[in-house]
Structure formats: structure tokens, C-alpha cells
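As C-alpha cells, one chain now follows by itself in the form predicted alone.
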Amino acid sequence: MTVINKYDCVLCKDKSCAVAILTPDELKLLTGNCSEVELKRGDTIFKAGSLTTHIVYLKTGLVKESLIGSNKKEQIIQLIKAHSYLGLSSMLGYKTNHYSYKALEDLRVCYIDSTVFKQLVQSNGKFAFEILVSVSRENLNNYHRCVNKSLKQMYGRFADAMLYFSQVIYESNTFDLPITQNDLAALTATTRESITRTFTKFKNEGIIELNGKTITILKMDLLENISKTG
């Protein structure tokens, strides 16, 4: 982990929509209670059960959000792209973080003192509205993914995962899978063996092309139909 000493929220080119609304005095307050940090792939940003002392703003990179289920196995909630906040749901209602966050790529984050962050939420209604929009959108998306995992069969869940990477994370039909097959199993609530078999099936049927970790979706219409029918 590398702390970047020179930092000014006013000059930041990667402000969130919420921070862009803040007044000069509020930006000065934020600058005095915020540290920009460089993290390496595999680094833990914070763990479930840790105190909610900071909110983390993801400036660059990709992060895995997960928790340990009642079966003691990891469950991946979602992957989070740049220009997103980590830990909002926990900070707004709890003293400890409910999720763990791990870097899937080298990334830059800003650790923001949670007391100051709450102060800004309370004093600036427009800032609070943007934060509320972010939390609501994230929770709704996670709810739909959770429902889909519980209702769909393996092929439907796998198709959902491929569409998630293609349409949400990378916005491209070709992408490098950012997680292991074990992680993909945790994301789709199945086993690694099932993931391996499904990769083979989808490849043999010409739905996807697999070259190492690079996946190309060849038949988007068919993949979307598998996702819908479950």
C-alpha cells in the first residue's frame, strides 16, 4: 500500500458526482480528512467485521465485494467499478462493515473519515441526495442478482454472469475474466466443477470463445435468451 502525500479534492479529476456538488469550504474539509492510496491486486481494502471508520472512494480499478455465508463459504455480492463508494450501506446504519472488499486490479482509492462524510451528508442536501441515489441503485441491482440466483438454473446463472461482465463491467463483448473460476462459482452460487462444465458447453455450442482468460461472446442473442429462460 502506498500513500500519496500530495492530495487536493479541489484539483481531483476523478470526483464523484456527489463530491462535485460540494462547496469550496466543504472540499477543503474533505481534503483535510481524506488520503489517496495506491493498492496492489490482491490487497484487502477492509474486512467484514472491521469498524466503519472510513468510507472508501474507488478512483481506478476493480474491486470484489463479498461476505462469508452461514455455510462458511465466500459469497461474492458484486464487482465494483471505478468512481464508486465502498462501505456506504454499512456506514449509514452500523458500526461495523458487513462486507469485505478486495482489489482485483492495481487501483487507487481515497479513504475518507466517516465522521466527516456523515457531516457532509447532514449539512449538504444535494450531496446527501447523490449518495442516496448511489446506495439505492446498488442495493436494487444486488437484490435482482440475488433473486435471479435463487430462481434460475445453472445455465441461466452462468449466462447472467457473462452478461454482467460484458454489459455492466466492461461494456464489451470481449473481456478478460477478472476473477478465478472459484470466484465465479461464488458469484453464481455453484461449484467450480459446474463452472468448468458450463464453460465447455457454452464453448462447444459456439456461444462464447475462450482463449486463456479472454472471453468473447459470439452469440449475444442466444446468451440473453438463456438468461431470460433461466
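It should be emphasised that the depicted structure is a prediction, and the values quoted were computed from it without experimental measurement. Residue numbers run from 1 along the displayed sequence.
Keep in mind the form predicted in complex with another copy of the chain is missing from the figure; the text below concerns it.
K.L.:
Is every one of Gln75, His98 and Val133 within 4.5 Å of another copy of the chain in the predicted bound form, counting heavy atoms?
P.N.:
Every residue of the spot touches another copy of the chain in the predicted bound form.
K.L.:
If the cut-off is 4.5 angstroms on heavy atoms, which of these, Ala128, Ala103, Val116, Ile80, is the one near another copy of the chain in the predicted bound form?
P.N.:
Contact with another copy of the chain in the predicted bound form is made by Ala128 alone.
K.L.:
Going by heavy atom distances of 4.5 angstroms or less, which of Gly42, Gly69, Gly49, Gly32 would be at the interface with another copy of the chain in the predicted bound form?
P.N.:
Exactly one residue meets the criterion: Gly69.
K.L.:
Hey, in the predicted bound form, does Ser90 get a heavy atom within 4.5 angstroms of another copy of the chain?
P.N.:
Yes, Ser90 lies within 4.5 Å of another copy of the chain in the predicted bound form.
K.L.:
Decide whether Lys149 counts as a contact residue for another copy of the chain in the predicted bound form under a heavy atom distance cut-off of 4.5 Å.
P.N.:
Because a heavy atom of Lys149 falls inside 4.5 Å of another copy of the chain in the predicted bound form, the answer is yes.
K.L.:
Wondering, does Leu107 line up within 4.5 Å of another copy of the chain in the predicted bound form on heavy atoms?
P.N.:
Although another copy of the chain is absent here, Leu107 would stay clear of it in the predicted bound form, with no heavy atoms inside 4.5 Å.
K.L.:
Verify the contact flag for Val121: yes if a non-hydrogen atom of it lies within 4.5 Å of a non-hydrogen atom of another copy of the chain in the predicted bound form, no if not.
P.N.:
Close contact exists here: in the predicted bound form, Val121 approaches another copy of the chain to within 4.5 Å, heavy atoms only.
K.L.:
For the stretch 135-149, I need every residue with any heavy atom inside 4.5 Å of another copy of the chain in the predicted bound form, listed N to C.
P.N.:
Going through 135-149 in order - heavy atoms within 4.5 Å of another copy of the chain in the predicted bound form - the hits are Val135, Ser136, Arg137, Asn139, Leu140, Asn141, Asn142, Tyr143, Cys146, Val147, Lys149.
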